[in-house]
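There is one chain below, alone, in structure tokens, taken in the form predicted alone.
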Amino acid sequence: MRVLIRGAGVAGLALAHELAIRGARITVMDPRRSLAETASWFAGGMLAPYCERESSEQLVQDLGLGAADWWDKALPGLVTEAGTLVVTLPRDHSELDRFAARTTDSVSLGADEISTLEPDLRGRFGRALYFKREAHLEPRVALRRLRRKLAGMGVTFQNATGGRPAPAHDVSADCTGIARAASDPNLRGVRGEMLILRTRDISLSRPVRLLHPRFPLYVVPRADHHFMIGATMIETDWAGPMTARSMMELLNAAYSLHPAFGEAEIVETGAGVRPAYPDNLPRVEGDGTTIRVNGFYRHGFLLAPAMAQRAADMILPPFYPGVLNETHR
């Protein structure tokens, strides 16, 4: 079967992988010049289904439970399975209690146990939650490696600019994210802003979430003493540069986690606009020979594997050559 996938973010690439291993002939088209122009480029890369349940529906947890295994199988060696540490300042311990009440699969830690997990946080926090079965990956490495792997599997990549006609295909899949909002009134943009800092004065082995009643944040360790600090959640589809207010809020929160971040180099600022439906849940919808995969909100790398599998099941037998008229949420 010939499948045209529009969109080369995490949703489009994950679907291309699912279809490629099932034997489809795939072309991926995207008007953007590079992966750096996708919202996926600015993701945190946390595969944290239990933590995300705190502010999401149960479905997000259910769909995300297999994400780490999917990524590890697709790109061996990419996933770090070190769990997630959730901390809060002493004055905000009620936030930790609230988080614990809304999630499952965590263990409570005291100061000594926190120090054992993250020695550089010694003496800074008296309580924490540890979600041992969560993981994380580096999104930019994942996108590059997945694209190279797909090219090696025979997937064709084309730039969709300049009125270039689409190649012949049997089924098309729209994975264009927020770009589809122009024709889908149910989609809205949710802007996320982030920082990348570099410092040798602190080491972390896993993502750390700091619960703050006004401005919660997460810190994700990356290679070469880099840390991704995120992220704002702003109801807008504006994709311009990071605002001064957001930068100050993120830096203040990072400094609260550890003063070493106050002397860190600011390597990069960035913002991505994530597509979301009113219920903040992703959808796979099909009609005729067109399928749409969209609405990942803040859960792109966590939910892309499960939604790609659902979409692939709709495209390939036993559903093909029937009519794609199903919706999965």
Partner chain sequence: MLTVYDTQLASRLFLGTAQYPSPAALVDAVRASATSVVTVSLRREAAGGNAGGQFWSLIRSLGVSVLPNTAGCHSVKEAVTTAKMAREVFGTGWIKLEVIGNHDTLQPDVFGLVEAARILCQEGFSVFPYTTEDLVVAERLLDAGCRVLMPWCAPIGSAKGPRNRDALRSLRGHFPEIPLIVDAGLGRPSHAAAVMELGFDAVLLNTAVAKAGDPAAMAAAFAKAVEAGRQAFHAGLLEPRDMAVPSTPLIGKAVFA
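This one's a predicted model, so the numbers in the text were calculated from it and none came from an experiment. Numbering follows the first chain given and starts at 1.
Omitted here: the form predicted together with the partner chain. The next part is about that form.
Colleague: Among 140, 144 and 290, does every residue place a heavy atom within 4.5 Å of the partner chain in the predicted complex?
Modeller: Verified in the predicted complex; spot residues all out of contact, no.
Colleague: Based on heavy atom distances of 4.5 Å or less, which listed stretch (185 to 193, 203 to 211, 146 to 154, 164 to 172) is in contact with the partner chain in the predicted complex?
Modeller: That would be 185 to 193.
Colleague: If the cut-off is 4.5 angstroms on heavy atoms, which of these, 104, 158, 116, 236, is the one near the partner chain in the predicted complex?
Modeller: Among 104, 158, 116, 236, a heavy atom within 4.5 Å of the partner chain in the predicted complex occurs only for 236.
Colleague: State the residue from 73, 245, 198, 122 whose non-hydrogen atoms include one within 4.5 Å of the partner chain in the predicted complex.
Modeller: In short, 245.
Colleague: With the cut-off set at 4.5 Å between non-hydrogen atoms, does residue 132 touch the partner chain in the predicted complex?
Modeller: Contact with the partner chain, no.
Colleague: In the predicted complex, does residue 97 have a heavy atom within 4.5 Å of the partner chain?
Modeller: Looking in the predicted complex, residue contacts with the partner chain do not include residue 97, since no heavy atom lies within 4.5 Å.
Colleague: With the partner left out of view, is residue 278 within 4.5 angstroms of the partner chain in the predicted complex by any non-hydrogen atom?
Modeller: Taking the distances in the predicted complex, the answer for residue 278 is yes, it comes within 4.5 Å of the partner chain.
Colleague: Within 4.5 Å, heavy atoms only: does residue 261 come near the partner chain in the predicted complex?
Modeller: No, no contact at 4.5 Å.
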